[in-house]
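The form predicted alone is given below as one chain in structure tokens.
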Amino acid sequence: MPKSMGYAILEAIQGEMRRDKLLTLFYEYQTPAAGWSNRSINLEAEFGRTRVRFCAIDEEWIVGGAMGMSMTGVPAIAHIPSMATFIPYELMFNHAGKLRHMTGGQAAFPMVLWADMARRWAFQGGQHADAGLESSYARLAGLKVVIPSTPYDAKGLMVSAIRDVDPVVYCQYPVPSAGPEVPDEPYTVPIGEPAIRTEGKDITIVGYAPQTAEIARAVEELKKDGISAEFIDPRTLAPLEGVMPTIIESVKKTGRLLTSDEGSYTFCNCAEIIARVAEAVPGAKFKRLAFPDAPAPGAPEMLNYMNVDATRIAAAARRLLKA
């Protein structure tokens, strides 16, 4: 049985807490414990409540506390739930993203905002279904934003985020336990390095978690039609400078770029990717798929009509190839 994303993330934090005796985790009710095979991890039991601190339901305090510690050189992780992803936005905007620049690089900010990201499920209240908020953080200067789509990437990106001197927003969507096997020992997945999930020559498809599962299914569906799609997972949403060369070279080869985004259509993160490719690859053809600019409905029939799935991705790819 492969390691789950949750277990892989805790394994990353466990290794880093053993390596760095100052690293601290704040959390609300997401107990930092998980099991896999015949093993288990319980961070609070291993490191104590001084370093793994259960907090009241006050996300702004949790993030502010982690921020204050990191400003003194003590690395910290703030874990917040999906319905509170946007609550600490002002702190990240006005303080976390700017301190190193305001001090001319003299101050480090070794902080991770570990944010559970909302999905759109049937019968769910609209206030709990604001998917795509990662794009709001990605546009803030001074922040790094990562978004793993496999347990392997989840562990490696968490290690990289903890070791980074800049504040990192670590976006966790629930995704299937697929991809490469997760090693037991610590390793890094570099921030700013995309992954080519599938190589192809006819069309480039770009998307990140949780759309990666739908894109992977669409790529297999397109193969039945003899269409060779190159699927690229950015993994990092900010900064994009390290991500874009891979995407640009792919579009130079295929001449077509299709993006699929979990966020709303307007100002989704993939819109920025399309804009940058358009500047670099004259004559390329583009199509953007995303959720309509509307709150998520609770009715399953309406939600299915609005969501982007593998069938819609494959259909959009076929149309783009005929354009």
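Heads up: residue numbers just count along the shown sequence, starting at 1. Everything quoted here is computed from the prediction, not taken from an experiment.
The same protein has a further form, the form predicted in complex with a further copy of the same chain, not shown here; the description that follows concerns it.
Please check if Pro295 has a heavy atom lying within 4.5 Å of any heavy atom of a further copy of the same chain in the model of the complex. Answer yes; at least one heavy atom of Pro295 falls within 4.5 Å of a further copy of the same chain in the model of the complex.
According to a 4.5 angstroms non-hydrogen atom cut-off, is Thr266 in contact with a further copy of the same chain in the model of the complex? Because a heavy atom of Thr266 falls inside 4.5 Å of a further copy of the same chain in the model of the complex, the answer is yes.
Do His95 and a further copy of the same chain come within 4.5 Å of each other in the model of the complex, heavy atoms counted? So His95 counts as contacting a further copy of the same chain.
So in the model of the complex, does Ala213 come within 4.5 Å of a further copy of the same chain, heavy atom to heavy atom? Ala213 lies outside the contact set for a further copy of the same chain.
Which listed residue (Ser177, Thr198, Gln172, Ser136) meets the criterion of a heavy atom within 4.5 Å of a further copy of the same chain in the model of the complex? The residue in contact is Ser136.
I have Ala34, Asp233 and Thr246 flagged as a candidate spot, so tell me whether each of them has a non-hydrogen atom within 4.5 Å of a further copy of the same chain in the model of the complex. Not one of the three qualifies.
Okay, which stretch from 219-227, 198-206, 149-157, 85-93 lines a further copy of the same chain in the model of the complex, with non-hydrogen atoms inside 4.5 Å? Contact criterion met by 85-93 only.
Given a 4.5 Å distance limit between heavy atoms, list every residue of 102-136 close to a further copy of the same chain in the model of the complex, or none if there are none. Heavy-atom contacts to a further copy of the same chain in the model of the complex: Met102, Gly125, Gly126, Gln127, Asp130, Ala131, Gly132, Leu133, Ser135, Ser136.
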